[in-house]
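The chain that follows stands alone, in the form predicted on its own, written as structure tokens.
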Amino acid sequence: MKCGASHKKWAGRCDACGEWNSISEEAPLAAGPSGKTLGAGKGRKVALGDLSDIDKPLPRMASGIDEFDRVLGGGMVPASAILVGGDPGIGKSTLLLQAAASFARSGKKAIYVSGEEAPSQIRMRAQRLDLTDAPVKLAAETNLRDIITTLEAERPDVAIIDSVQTMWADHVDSAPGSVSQVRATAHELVTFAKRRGVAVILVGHVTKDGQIAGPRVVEHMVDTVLYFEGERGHQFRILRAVKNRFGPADEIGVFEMTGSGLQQVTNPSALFLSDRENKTSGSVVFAGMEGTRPVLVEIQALVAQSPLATPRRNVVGWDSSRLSMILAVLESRCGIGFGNMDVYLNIAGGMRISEPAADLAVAAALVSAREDKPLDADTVVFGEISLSGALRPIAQADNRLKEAKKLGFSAAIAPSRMKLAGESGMKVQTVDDVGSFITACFGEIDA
């Protein structure tokens, strides 16, 4: 079952997670190849080391795609296992085929194994992407035993398996894509990567709620988990690391989907900002951080009188529950009500923000839209709002200000208790609470 709970007998519904028809029978793991149980024999002593031992730095293989290497922490580590998930049609296979071609062109041996497409279909994509000259080895196979045997014989530097849900292990008595099959397949491929020093990339399907399908233990097995995000209505794609044993988590790489494949975006901040020459109410620029990268995004708000008994609260790219919290703070601490108004909030460019430092920018966009008073176009805003209305300091303020300065912004509004390490060259206005911030920017506001 998906939750990993165990049951003594089959049941239609799992008592732990409530899923129906997810319980399957599995062979016990206590017996080894000789038939002996785990406690019947004596094992070997494991070599122990000290924390003071000095190891060599991990070697990395650069793919040549800078955004891809950035998310991995500077390149791919040999013997690492990487899981890449994303919505159907978002561009996972396109990105990994481009990465495989880049590895192959740099002298590395790359094998691309697909369980969803025939080699002729992969070659058609390679022709569209202008990758036919790359010495990438292709295979269309779903039998795990045959795949492992082939990889053992070929000994590639990089192996891409697309996708893990289509692989089939003949020693597991269940259908491909089931929980037990995905768990067994991932375990065998990760073990092969560690044993032979091959970097293995697994493609994973996602469920309706955006999580990688199958047992959650697969994400624990691998070294790195990457999510490929984006909206179908936007041409921009974001590769985000949610787990990385060899680099920072929450690092992002930004790509643009074009007719010739995915192109790198070297300046994401300029990408997520619209025309800032004209002042527009409800539009505020937030200086955020994604991993180690500062990113400026535009937060857009629209507030209108609602004809409904229950006004609408629509959010794109931000947490809807956090929007409710900001609205409650504005009404309770500042006397600014939105109870009879529809509220729409959007993060421009298809970006998704989960950082609490965006609270102050969201509050500024909401008040600006309500009062139809634009904020200065050359000002960025960041800060976390507490339930008392006070502003909490946020991390890496210097990097945020440097990115804003580089893109032509000259002023910033931030919490007063924020510590700055050096001179940013920007005019920084500090405020103690959200009430004083609104008064300084928009004047006195009627409830």
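Position 1 is the first residue in the sequence shown; the rest follow in order. Just so it is clear, the model here is predicted, and its values are computed rather than measured.
Another form, the form predicted together with thymidine-5'-diphosphate, is not on view; read the next lines as being about it.
A residue is said to contact a partner when one of its heavy atoms sits within 4.5 Å of a partner heavy atom; G259 meets this definition for thymidine-5'-diphosphate in the model of the complex. Contact annotation: R370 falls outside 4.5 Å of thymidine-5'-diphosphate in the model of the complex, judged by heavy atom distances.
Put simply, T94 is close to thymidine-5'-diphosphate in the model of the complex: some heavy atom of it is within 4.5 Å. In the model of the complex, at least one heavy atom of R128 sits within 4.5 Å of thymidine-5'-diphosphate. Of the stretches 84 to 92, 361 to 369, 290 to 298, 309 to 317, only 84 to 92 has residues with a heavy atom within 4.5 Å of thymidine-5'-diphosphate in the model of the complex.
Proximity to thymidine-5'-diphosphate in the model of the complex, defined as a heavy atom within 4.5 Å, singles out one entry of R105, R322, R240, H205, which is H205.
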